[in-house]
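A lone chain, given as structure tokens: the form predicted on its own.
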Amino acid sequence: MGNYYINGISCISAQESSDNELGLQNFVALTENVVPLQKPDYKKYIKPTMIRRMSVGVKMGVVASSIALQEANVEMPEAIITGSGMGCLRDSEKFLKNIIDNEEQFLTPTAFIQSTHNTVGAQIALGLGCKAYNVTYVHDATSFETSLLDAMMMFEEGEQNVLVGGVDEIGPYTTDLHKLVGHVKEEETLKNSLLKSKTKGAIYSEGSQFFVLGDKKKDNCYAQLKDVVIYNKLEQNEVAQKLEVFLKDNNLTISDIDVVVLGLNGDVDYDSYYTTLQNTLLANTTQVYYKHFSGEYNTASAFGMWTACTLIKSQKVPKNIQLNEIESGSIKNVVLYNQYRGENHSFVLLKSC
């Protein structure tokens, strides 16, 4: 594997996270079951005449990518790779509603055109004037990790800077469907904290996180991306074994890991994938989580990676994300583990620059 340096990061989410300098310590745990993003100042990055024509997903994707590129001091990436589980969902819902309301006649195609998953990557490229490789991956809860794998392959072909990110938005109709089948928590169960709710479902939200990967380390480098692996289905007793194999493939053991970033979302039916690891293989490792800040969406693991990059850069673990009492000294090696509803498992390994 080569060297993949994360030289710029950005995060648009349910928190005030657009300023990387503020870090994680001021984030507030979400107490509603469906939480929209905290809107950044779009006018700083997008012409006012264009803002009203853009969907929420496109706007937050354009802003997040702009922040990451500025931080990495990269004007034009050699590739733009985006992960999105649901694409521009609100426009999809709008088009489907128009089909029903107009009885499948006299439909305007605008909402359909803007609803496709690759709209975000396309708008980023149009804004930059970038005619390079541009791909969007739609792989449910591993959409972002698949994008990372493709970015790593791009470097093997000699590229120097790759913009990679994850974008997902919430839509009212789809959210109602998730509530109907029990994927969204009942709001009254969140009075104490997400992990103490002991109920089914998760907090749903939206967000966009982008990263500029480079083949050379820059002064503002956050971390090195060392490896990514994805599994569609695993039994609970297989997760620890796969994690050990993943570390062994990178010449590491669990004792070499300083912090593990876990995707717990408070779902009593599926958080046991994490708690089993916490109580066994990871019992002596500093454990943190992030979905009490980000909420759940298909590319929420990108928020986890943004969290990990922030920890490595600051060399501090804020108390508001820590799961256990084990203190880490220097933060050199960080592992991220995520799954959603027992499927689409991923491991990501980051290392300090």
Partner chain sequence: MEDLKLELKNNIIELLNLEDVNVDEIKDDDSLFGDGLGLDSIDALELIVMLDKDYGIRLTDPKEGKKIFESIEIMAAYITEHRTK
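Numbering follows the first chain given and starts at 1. As the structure is a computational prediction, the values presented were derived from the model and not from experiment.
Below: the form predicted together with the partner chain, not depicted.
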{"query": "The partner chain in the predicted bound form reached by all of 241, 248 and 313, non-hydrogen atom within 4.5 Å", "finding": "no"}
{"query": "In the predicted bound form, residue 44 touching the partner chain (heavy atom, 4.5 Å)", "finding": "no"}
{"query": "Proximity of residue 108 to the partner chain in the predicted bound form, heavy atoms at 4.5 Å", "finding": "yes"}
{"query": "Any non-hydrogen atom of residue 319 within 4.5 angstroms of the partner chain in the predicted bound form", "finding": "no"}
{"query": "is_contact(residue 174, the partner chain) in the predicted bound form, heavy atom dist at most 4.5 Å", "finding": "no"}
{"query": "Residue (of 275, 236, 73, 102) lying close to the partner chain in the predicted bound form, criterion heavy atoms within 4.5 Å", "finding": "102"}
{"query": "Single option in 254, 113, 153, 268 placed near the partner chain in the predicted bound form, where near means a heavy atom within 4.5 Å", "finding": "113"}
{"query": "In the predicted bound form, segment of 22-30, 46-54, 299-307, 286-294 with a heavy atom within 4.5 Å of the partner chain", "finding": "46-54"}
